[in-house]
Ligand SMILES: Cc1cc2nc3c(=O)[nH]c(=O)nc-3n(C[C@H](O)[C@H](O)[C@H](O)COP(=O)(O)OP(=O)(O)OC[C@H]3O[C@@H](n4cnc5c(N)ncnc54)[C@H](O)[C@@H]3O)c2cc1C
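Given next, in structure tokens, is a single chain: the form predicted on its own.
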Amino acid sequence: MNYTLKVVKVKKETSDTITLCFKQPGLKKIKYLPGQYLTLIFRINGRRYIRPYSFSSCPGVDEFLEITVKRMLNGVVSNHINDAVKEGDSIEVLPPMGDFIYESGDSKNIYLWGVGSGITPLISIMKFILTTSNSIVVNLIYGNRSHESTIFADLISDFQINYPTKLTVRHFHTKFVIDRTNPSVIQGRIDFQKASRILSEDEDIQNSAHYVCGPAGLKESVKNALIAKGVELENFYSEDFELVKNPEDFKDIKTQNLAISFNGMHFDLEVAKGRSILEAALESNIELPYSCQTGNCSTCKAKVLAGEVKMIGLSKERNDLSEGEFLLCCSHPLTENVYIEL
């Protein structure tokens, strides 16, 4: 079931980032968990675009449903949102999804690692923990170019004031000069050495949980630092914005033609090497269902009735797919006689 939400407020966060505040539906409220995302549907220049954006709001804390969107180079939807969406607009959305959520457990120290717009699900999780637990300490490690480009800078500062014993914040800025009088700001990127140094300050690092949202380099740096400290990765969680494709995985793949049956209609489709079946379909104006485009949800799940297909770039193992079921966002045809049904 899709929803239509009304924009009641547009907040300017930085020069290239805004927050959309949606009013909850009057009859059936949307329920979501801190860390999940909301998928928005737009039609721009005659083409349908579907994009997921993490909630920056937190249930039980914020009045509105809020997502925060940063302008991106060549980002058709993110730029449309920043330039065209205004108060009073109505936007169609899919139900909340995502498994990058806070798992309550025995961990007394929670680490939130983020870069740039990766702060959005982390700020939702941070709000939830700080307002619902008296015993858990939150460590926010957040990288940006400068203070001016730091999304939620004032909000984070307010939380530091309101929760001085429960929240520790380390800002990383990559601009050339850092004011040395501010000890909470560290020069450079969050790399393996800096992550290791932060972890070394925790005497009970084995009893910690880590949530990472940002580029692949951040994820690998934090993961490797934890491994070096002997920390089990069962409490390591990451949100992935893009599929990481290894060129070696494409050795057996070439451009193929296939057939798709969708909503009672038949489509013949050429899938170029390197393009997923979903990408090829969307580029041909075949409006298949999808959401995350990273293999983490099941919106684009389809049944392969003939031929062979290979999934590439999955960051998390999927044990919930039946035999013959594939996620089209990361699927590539291996043979010519592929026939797919949705």
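None of the values given here were measured: they were computed from a predicted structure. A residue's number is simply how far along the shown sequence it sits, counting from 1.
There is another form of this protein, the form predicted together with the named molecule, and it is not shown here; the text below is about that form.
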Inset, instruction - Counting non-hydrogen atoms within 4.5 angstroms of the named molecule in the predicted bound form, say which of A272, M72, I156, L269 makes the cut. - result: M72
Inset, instruction - State the residue from F236, F250, Y163, F241 whose non-hydrogen atoms include one within 4.5 Å of the named molecule in the predicted bound form. - result: F241
Legend entry - Interface segment, criterion being heavy atoms within 4.5 Å of the named molecule in the predicted bound form, picked from 226-234, 112-120, 200-208, 166-174: 112-120
Inset, instruction - Tell me whether R51, T68 and C292, taken together, all sit within 4.5 Å of the named molecule in the predicted bound form, counting heavy atoms only. - result: yes
Legend entry - I91, heavy atom within 4.5 angstroms of the named molecule in the predicted bound form: no
Legend entry - N144, heavy atom within 4.5 angstroms of the named molecule in the predicted bound form: no
Legend entry - Close approach of V77 to the named molecule in the predicted bound form, 4.5 Å, heavy atom: yes
Legend entry - Contacts with the named molecule in the predicted bound form, stretch 23-41 (heavy atom within 4.5 Å): Y37
